[in-house]
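What follows is one chain in structure tokens, specifically the form predicted on its own.
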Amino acid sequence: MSTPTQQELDEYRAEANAWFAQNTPKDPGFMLPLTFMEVGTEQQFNFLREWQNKVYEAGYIGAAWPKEYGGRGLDQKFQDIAAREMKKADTPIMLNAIGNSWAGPLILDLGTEAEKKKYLKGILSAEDIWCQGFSEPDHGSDLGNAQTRAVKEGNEYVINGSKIWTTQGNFAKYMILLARTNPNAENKYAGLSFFLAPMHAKGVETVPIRKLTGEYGFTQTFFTDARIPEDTLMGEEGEGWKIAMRTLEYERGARQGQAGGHVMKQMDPSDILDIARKATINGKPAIEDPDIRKELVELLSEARGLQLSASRAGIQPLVQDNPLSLPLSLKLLNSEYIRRLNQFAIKLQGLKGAYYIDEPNGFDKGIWQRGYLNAFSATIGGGTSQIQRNIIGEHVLGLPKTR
């Protein structure tokens, strides 16, 4: 693959800009999810599935994936441009987040030729939705202690157990599943295996979980003597922990290869300026209050710093001293920042901060309140903020493991 010229990149940017300007859907007449973790209705699901397929057919998702697996075979720079144009156009999110950003890159990286041909195109087109089966109800962040069992019987594995916080599990066709194939292994990690498991197998049931916001999006998945083909095993038995850790590198942004497109709509920090101008403190616009101005400047500066850090992470000479420092830090920093940004916006609203979605007297139809409550999911998914701090301490700063 030849390195693209600046002219080629500029022409592609102009093409993408024009396409999204013309094709980005306006208000569909119902509430769209802010993140892929909030797709709770058939109406939302069908709308976003159609949108991802349209973007894929136009060539703006999977642009850097190989042609033989449904991509366009272009340099990664083209996909990066398309992603930036999507954000500029304020497009809806990409529906198939776990397929686009975790399962797909993982299969491209470690999968067999048969797995690549079977799964990848369906991921890009959103024909095949993927979910993740890692967390379990009784084990919290202790992923290595997963107890869902997979027992080999003939040419099948029999699965028993339960997974929790299965995003879009009720819509998914496949699950990346971590299950225990050897309960007697020398250590708990050695007994785990990784499966590309079909969700429509007999004995697989999903139960939607209602969130604090009143929305759905998560499910609990139950496996009761569910039989899946032996060729759904990825790698070898006992390699599940290694493959799961590679998956988490994609989930946390520490490894590249994602199909493109945003999966979470982030509130624009500059929008807070509008709230600060309209809100009042002691009878004056909040933006005139010195303490409020200080917090505003800090939040806007932090937003710019996160943007520049994300750009720096992709420039090898700037991170060669510690290549993993920024990728491993950005997940933690971004998720906590978005939570604090929404919280500050609510504080500015005073008594109106108590209003929620679609309250006539609320500010911006309660979107900041909704964003604040939903922001907590990002501080938990992919490893809690506490776990992320441990990872940064151990793998970036070289600190000893905590007990």
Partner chain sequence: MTKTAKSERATLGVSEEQAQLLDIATSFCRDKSPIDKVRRLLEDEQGFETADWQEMADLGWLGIAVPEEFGGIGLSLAEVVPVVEQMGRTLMSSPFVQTTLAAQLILKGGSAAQKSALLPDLASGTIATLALSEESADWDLTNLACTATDKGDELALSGKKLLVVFAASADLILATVSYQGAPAIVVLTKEQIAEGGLRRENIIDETRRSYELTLDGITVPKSALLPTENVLPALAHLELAASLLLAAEMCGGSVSVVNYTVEYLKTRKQFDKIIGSFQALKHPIVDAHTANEVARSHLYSAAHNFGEQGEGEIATRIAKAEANKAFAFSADRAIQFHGGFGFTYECDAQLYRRRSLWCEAQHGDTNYHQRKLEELML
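Owing to the predicted nature of the structure, the values given are computational and were not obtained by experimental measurement. Numbering follows the first chain given and starts at 1.
Absent from the display: the form predicted together with the partner chain. The rest refers to it.
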* Find the only residue in 147, 270, 224, 112 having a heavy atom within 4.5 Å of the partner chain in the model of the complex. => 270
* Work out which of 280, 311, 256, 182 lies within 4.5 Å of the partner chain in the model of the complex, going by heavy atoms. => 311
* Has each of 305, 329 and 393 got a heavy atom lying within 4.5 angstroms of the partner chain in the model of the complex? -> yes
* Where does the partner chain sit in the model of the complex: which of 75-83, 104-112, 214-222, 295-303, heavy atoms within 4.5 Å? -> 295-303
* Taking heavy atoms and a 4.5 Å cut-off, does residue 186 contact the partner chain in the model of the complex? -> no
* Does the 4.5 Å heavy atom contact test between residue 13 and the partner chain in the model of the complex come out positive? -> no
* Asked: With a 4.5 Å heavy atom cut-off, would you call residue 321 a contact of the partner chain in the model of the complex?
  -> yes
* To do: Indicate whether residue 333 is a 4.5 Å heavy atom neighbour of the partner chain in the model of the complex.
  => yes
